[in-house]
Structures are given as structure tokens and as C-alpha cells.
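One chain comes next, on its own, written as C-alpha cells: the form predicted on its own.
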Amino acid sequence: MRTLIKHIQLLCQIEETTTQKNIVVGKNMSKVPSLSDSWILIEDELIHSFGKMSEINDNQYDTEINGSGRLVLPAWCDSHTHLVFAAPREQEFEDRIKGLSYEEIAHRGGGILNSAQKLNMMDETELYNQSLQRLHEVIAQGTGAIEIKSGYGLNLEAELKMLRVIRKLKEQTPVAIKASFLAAHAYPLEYKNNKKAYVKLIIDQMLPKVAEEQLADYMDVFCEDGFFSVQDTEQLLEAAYKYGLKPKIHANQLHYSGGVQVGVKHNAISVDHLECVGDAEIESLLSGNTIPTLLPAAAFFLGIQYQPARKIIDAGLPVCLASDYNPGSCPSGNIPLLLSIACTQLKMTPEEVINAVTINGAAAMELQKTHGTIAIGKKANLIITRPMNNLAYIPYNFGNNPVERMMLNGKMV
């Protein structure tokens, strides 16, 4: 099956060489290679070829799409979400409006523990159905690859239930999905006064079962004051490594917790959140290959300080952006809105935010060889936008969906 999209206003994030890039860093994030008045040919699930309309020479195709006045770009790669959950938490939204902090709500049994209680009560079929609906919603907004975490179970059976739902989503939808095991998200109430026992439970009982059923790609830990310490994090990551689970870390959202440094030390794929980043964190990131992943939509929703994106980029580092879609601190997987927030509040340019949710987002899920750019042989996961002249219009036109049509694995969805 061959599909030709022609007369494209702008074909964005292209790679014309056979040596494909893995990630974009520093000042190079300000560049998004593009072709005006162009075409792209899709063969089955992959990108076959592309070029200028003046040079088109392939008339062998089954379906033709007119891209006149529209942009075509790679689908978003959202590398940090908690999309599988049982119920929203709008009461906590009201509590924060009335002055309670995220930490105060958590100490009162809200937050993650609230979600865990509701998830434990929901059967797996209903959890899957709700999660599938959310996944369809983010696909409609341009997401073509996504990471999904467990972490609202906080016991063996419920964590496995979440991870099995994630696996089923991966098997039954066309989206590329990576799974992270995040039992180290919070301490259950019964372990409030015996935190070492919960860490031991994760290591001795949960990890072996997750590995046995091959349910996760990554091990994640919420390394934060009041949650899991640097020492806990190291112990958990070292245990996970024995089962082949690579590290991802929630780091430095609320405090200078040491999460960035421990992530770099253990070669984490990414450290995520990063509201609290100073010179020591920058120096640590420069010494390794761990990707700084910023979640500004969560900072927006919680009303806390934003991540220092300019400081990170100007230091020569990459930046990845992800939604942090979850029921408590960011009940939205809307990547176009995330891009607007990153431009207006983090002072990232339109080109920088596009790099952050395409090639860099793919790299934060180890999908850069197949996703994140338009290159020959990569997956045909493409956004065809509504009529617009340039990339800046996507974050400029905030709150509106730029996606007119969505292609995943070479098929319109």
C-alpha cells in the first residue's frame, strides 16, 4: 500500500542524510529542517521517500492526499505520562485553589494515595476501557508514541493490573508504547512508619513478578523529599538493573533532592520534572547522557515555579518536553497546549519545542531510530495539520487542536 501526500506547505523535521540524528542539543534545538512545497510517499508502515514538488518523479501510489496549505510533521512523542488511572481528583484542584499545597494534600492522604485507593477498587476491564478512551483523545491531538507508568497501585496485584492494562493498550492500538514500573511513587499508609519494608516489598516481590511477565521497559522512582530518598532510589535502581529495567527518575520537582545526580550516576534514560535545577544539576547532566525532561504543564496546573529551560539549553544540553498526564497534577495530555506553555512561560522558541516533543521525546523512550523525525525507513507516524503557514502557529494558536488528520504506521486513524 502506497500513499502520496503532495503539495505540502511545509514538510517539517526532515532528515535527508542516511546518518540519522539521535537527539538535538543546545543551540541546534533552534533548527527544524523543513521543505516547502513538498511531497512524501508512504509505503506500508514506513516513509519511502520525500522531496520538493518540482522534483517529484514517483507516480506509483494507491492513495493520494492533497496537503495544500498544510504542514506535515512527525507525531508527538510523549515520554512521561500516568495515563492509566481510575478516577479524576477535582476535589484536590479545589483544595489547592483554597490554599493547600501539593505536599499538604499528600500528607492528608490525598494525591497519589487517593488515586491508589480508587484504582484498587476498579476491575481491570473498566480500567482498560477508561485508559483506551484517554489514549484515543491524545492521539487525536497528535500523539503517536507514549510512555505510560504504573504507580497508582502500590501493592503487587494492583501494580500488575496497571502494567497489564498498559500492555493491552500496546497490543491493541497503533501507538508505540513504553511502560515504566513506578511502585516507588508513594508509600502506602500501612508502610508510613516502616518505609524500608515497602522498598523491600518492591525489590523482593514486585520486581521479580514484573520481570517474569515482561511488563515493563523502565524502573521509575519518585526521588523527592518526603517520598523516596537518594539512598532508596539507588537501592531500587540497582535491584531493577538486575532484571534489565533501565532507570527513569522523577527528580527535583519540589526540592533540590539529589534526584538529578543519582539519575546521571545510574545512567538513567531521563530525569523528569526539574523545576529545581541549579549549577550543580547542570554540571551533573553535562557529565552524562541522561536526558532532562521538563513537564511545564504540571507546574502550570500546580502553580509552582517553572523549569529553567533556557539555562539548560544554553548550557548545551538537550531538552525534552512531556505532558505528565495524570489525575492530580496535570489532567491533560494535550501536547499542543504544552507547547504553548513552554513557549510563553519557559521562553522556548517554536522550533525548540517541536524538537523537544519529536526527536528528543523519541530519544527519551529509546525510539529515535524509528520515530521523531521524517526520514526514509522510519515509521510513518505523521500529523497533517489544519491550514497554517508555519510551525510557530501551533503554539501561537493555543488551546486549539492543530491536527486535521493523523497517520499511524502508514494508516489514517
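Numbering starts at 1 and follows the sequence shown. Given the structure is predicted, the values throughout are model-derived calculations rather than measurements.
Another form exists, predicted in complex with a small molecule; not displayed. Remarks below refer to it.
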item	value
Contact test in the predicted bound form: Ala342 vs the small molecule, heavy atoms, 4.5 Å	no
Phe300 within 4.5 Å of the small molecule in the predicted bound form, heavy atoms	no
Heavy atom of Lys248 within 4.5 Å of the small molecule in the predicted bound form	no
Heavy atom of Ile313 within 4.5 Å of the small molecule in the predicted bound form	no
Contact assignment for the small molecule in the predicted bound form, among Pro74, Pro296, Gly328, Pro292, heavy atom within 4.5 Å	Gly328
Position in contact with the small molecule when the complex is considered in the predicted bound form, options Leu163, Met206, Ile335, Ile112, heavy atoms within 4.5 Å	Ile112
Which of 140-148, 318-326, 255-263, 230-238 sits within 4.5 Å of the small molecule in the predicted bound form, heavy atom basis	318-326
